[in-house]
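Shown below, as structure tokens, is a lone chain in the form predicted on its own; questions about how it binds or moves come after it.
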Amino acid sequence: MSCHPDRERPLDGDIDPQETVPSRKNTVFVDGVILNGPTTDAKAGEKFVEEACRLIMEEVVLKATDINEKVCEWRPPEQLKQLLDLELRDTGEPHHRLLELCQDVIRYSVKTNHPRFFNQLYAGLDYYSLVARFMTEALNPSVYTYEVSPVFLLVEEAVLKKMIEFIGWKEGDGIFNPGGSVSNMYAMNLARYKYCPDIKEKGLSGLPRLILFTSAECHYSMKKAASFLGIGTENVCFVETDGRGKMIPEELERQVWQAKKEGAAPFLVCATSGTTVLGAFDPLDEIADVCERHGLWLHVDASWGGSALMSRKHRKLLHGIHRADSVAWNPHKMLMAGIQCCAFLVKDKSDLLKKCYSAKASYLFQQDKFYDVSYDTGDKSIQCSRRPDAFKFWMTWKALGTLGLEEKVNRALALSRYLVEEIKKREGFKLLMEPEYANVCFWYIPPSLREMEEGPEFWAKLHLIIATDVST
């Protein structure tokens, strides 16, 4: 690195990796590195941020709802590799080139806020959540101790308290985490810890064959969690569902008894409120009865369907959820809080989360701080560094109010009803079933198959057409 104080700044305003340093007599060197003085040009960096934000505003935000814009400038992988400059070099590149790269990233990315973009999880652009994301990215906090993240810890506490209220619990606990899959893993591990607390220190050796039960229509993360936690996918019992995709409580009861008869140790039932494909809601009251009879932890994966709790009209879909021991709920889905925004909520208020996950890292969670250390919530998380995801939901909730969030849910389900009626009117469309939630399942029957009797050959041809359409 040069230490000449009279070095000229680049004329084009690009970032100068060798920014002006203190005068030679005041320069502090260690191992040939200048320690006192900036290493980058702050003014140039600020200008880059300003120009990049303008680009984001013009090319993403303002075009997000423009029906005339493309959802994506699609290119196959090998071609896209040639169009994008992906190589990482020894020397930095000028700002004008970085802005061109930003433009290319936006151009060839999927515009998930576009009106014509249809995919899981997404429901459009929420401006308030977006601003919250800008703020947290700029502040770059980590939510583990109050001293480093005072505002965001209080925000998370307030949001969790309100979500607990909507579930119907008088009190509870919880934490925001990277996704519904992680929430389900939290639940599985917490239920196991409740069943056998010694596992935290002694591990899996000596435990009986633990077994859990979930719907045949459950999210695939249940198998992943069982694998990750050492329970084993073969010890996940998938309970039969009815024609609408709901878990059958009588079948659950039968499987629990069968597991006990075989010498296994049932410890958890995972019900689903809003299955991925059919949007089915398991009968929580009846399932809770089974769990109470057998002393089983009841977890409700309401990652998708939990937002119906915000609607006085539709919250009946989750009748009985207050009897659950834990709940997964993702505001980043129907409530548009921005990926990722996922809460894991627990009815227990005896610090079970902390007891299960605490590692008591003394360098971080000192007990003699100058404030109430109960606000240092990081020790009940499996993470150390953790994003302030609750802030996105809090900002949207503050902007729209509970009634505004309720309207989002009601509108989404009204739109699904509208789609159902349109499907019924149109030739070649076959509705699979009347929807219970926002999921609308239907087949499109091409003209060549409309006169053909439904049977193995019909479905084989229809599936072949679908597979061909997807691949092309």
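Here the structure is a predicted model, which is why all the values come from computation and not from measurement. Residues carry their position along the shown sequence, with the first being 1.
Keep in mind that the form predicted in complex with a small molecule is not shown, yet the notes after this line are about it.
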Note to self: Within 4.5 Å, heavy atoms only: does R192 come near the small molecule in the predicted complex?
What the structure shows: no
Margin query: I'd like to check something about G320: if you look in the predicted complex, is any of its heavy atoms closer than or equal to 4.5 Å to a heavy atom of the small molecule?
Written below: no
Notebook entry, point to check: Taking heavy atoms and a 4.5 Å cut-off, does P283 contact the small molecule in the predicted complex?
Noted result: no
Notebook entry, point to check: Can W304 be called a contact residue for the small molecule in the predicted complex at 4.5 Å between heavy atoms?
Noted result: yes
Notebook entry, point to check: Of 111 to 119, 144 to 152, 349 to 357, 268 to 276, which is the one stretch near the small molecule in the predicted complex, taking non-hydrogen atoms within 4.5 angstroms as near?
Noted result: 268 to 276
Next item on the list: Please pick, from S181, Q383, T241, S311, the one residue with any non-hydrogen atom lying within 4.5 angstroms of the small molecule in the predicted complex.
Entry: S181
Checklist line | One residue of T214, T377, S129, N330 in contact with the small molecule, assessed in the predicted complex (non-hydrogen atom, 4.5 angstroms) | finding: N330
